[in-house]
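Let's start with one chain on its own, the form predicted on its own, as structure tokens.
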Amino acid sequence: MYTVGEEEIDAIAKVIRSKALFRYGVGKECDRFEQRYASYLGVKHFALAASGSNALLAAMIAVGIGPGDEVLTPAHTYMATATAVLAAGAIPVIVDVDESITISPAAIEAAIGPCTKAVIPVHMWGAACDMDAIMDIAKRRNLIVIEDSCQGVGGGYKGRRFGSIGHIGAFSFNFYKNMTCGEGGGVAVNDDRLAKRVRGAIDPCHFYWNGRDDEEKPFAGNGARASELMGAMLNVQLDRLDGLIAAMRAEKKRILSGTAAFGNLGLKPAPMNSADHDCATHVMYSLPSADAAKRFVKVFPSVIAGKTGRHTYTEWDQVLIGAGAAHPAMNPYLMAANAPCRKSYSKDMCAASLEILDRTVMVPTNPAHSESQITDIIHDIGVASRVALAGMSMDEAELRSDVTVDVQKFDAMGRDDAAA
């Protein structure tokens, strides 16, 4: 969350005073946001849900993912990407990321098997996946592309908005995202029939409020309906979004320009698939080794990509232990239909990803950063680079006197994004 102010308070208060908290037949904020955000993304349909996890599951249900299917997921993403596959009754197959910290197209191609039905590219930390390569593979190999844009709100790839490129896209609006209503999510899609299935997956009573459809029969599911309070807040947040993204992109460009001279020490920006269109929530650097990354973050308060907990497959307990559901009869790992699917996991199965993640450092940006703060960040990246990469020895007292960004204040300005 970057900015929440009086406009959001006024919008929510207006809904409460009107007593129009329910979206169907009473309120208008959810409908208004769905129409506006669909237009923003350049898609025909957008359906609000209670969370990004709900949105991912609704997208999978809509495209027909279920028992007997494998879905390729990246080794580095929030665990809901994989657990949503299990919630649909299918099996996640974990594949490597590359140095962009997004799913490797080469790994996708190599991992496709007889049961593989879909792939989930995740625009991790708001950085774009190589969507041209992924869509080409999907077309050649007959795969469904479920675009996980939960961490990519406001970003894009080569001029197209995240979530509008694959066959269907999912979003999150929880506290840690670029646009928030505390929780919340949604699904973007162009296909009319899939849009009906998405809405049915989000709300099994959708047909009751909006009329039965003879072409698309209803099916049972858990409700994940959004409230008018969420819609009201998101309508205000959407007005802020482009300004926030523009500020972070400007900061990122300035930091990259200001730290370019440290390339001779071995400080290299992580490769980007669409550098001018990503969310720019972080400036990512590929360091020569995990030890260098550890030295860097000890000096300068930043984040090692491989140390962000639930974002790396080694921390997905439910997947690793085969706990795909609370009841064994509903556990995809035990279903006869999934017998041909690959279900073996180990913590070292994607060693190449772990090596990349453990030497990738992420410096958070923030639209609230002042010019002087950005100047301090550039200075401090230089200090950390000399210590981490040039072998400079500095004791704790010297470090604290030379690093200008206050660690506690820096945490408040963005470091906690890594918890999302």
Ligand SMILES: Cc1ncc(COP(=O)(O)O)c(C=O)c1O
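Just count from 1 along the sequence shown to find any residue number. Fair warning: this is a prediction, and the values are worked out from it, not measured in the lab.
Just so it is clear, the following notes concern the form predicted together with the ligand, a form of the same protein that is not shown.
The stretch that touches the ligand in the predicted complex, counting heavy atoms within 4.5 Å, is 78 to 86, out of 78 to 86, 228 to 236, 135 to 143, 155 to 163. In the predicted complex, the ligand sits beyond 4.5 Å of every heavy atom of residue 282.
Heavy atoms of residue 73 never reach within 4.5 Å of the ligand in the predicted complex, leaving it off the interface.
Contact between residue 190 and the ligand in the predicted complex is not found at the 4.5 Å heavy atom cutoff. Residue 181 falls outside the set of residues with a heavy atom inside 4.5 Å of the ligand in the predicted complex.
A heavy atom within 4.5 Å of the ligand in the predicted complex is found for one listed residue only; from 103, 202, 150, 168, this is 150.
Scanning 366, 353, 53, 385 against the ligand in the predicted complex with a 4.5 Å heavy atom cut-off leaves one residue, 53.
Applying a 4.5 Å heavy atom cutoff to the ligand in the predicted complex picks out 122, 124, 148 from 121 to 148, in order along the sequence.
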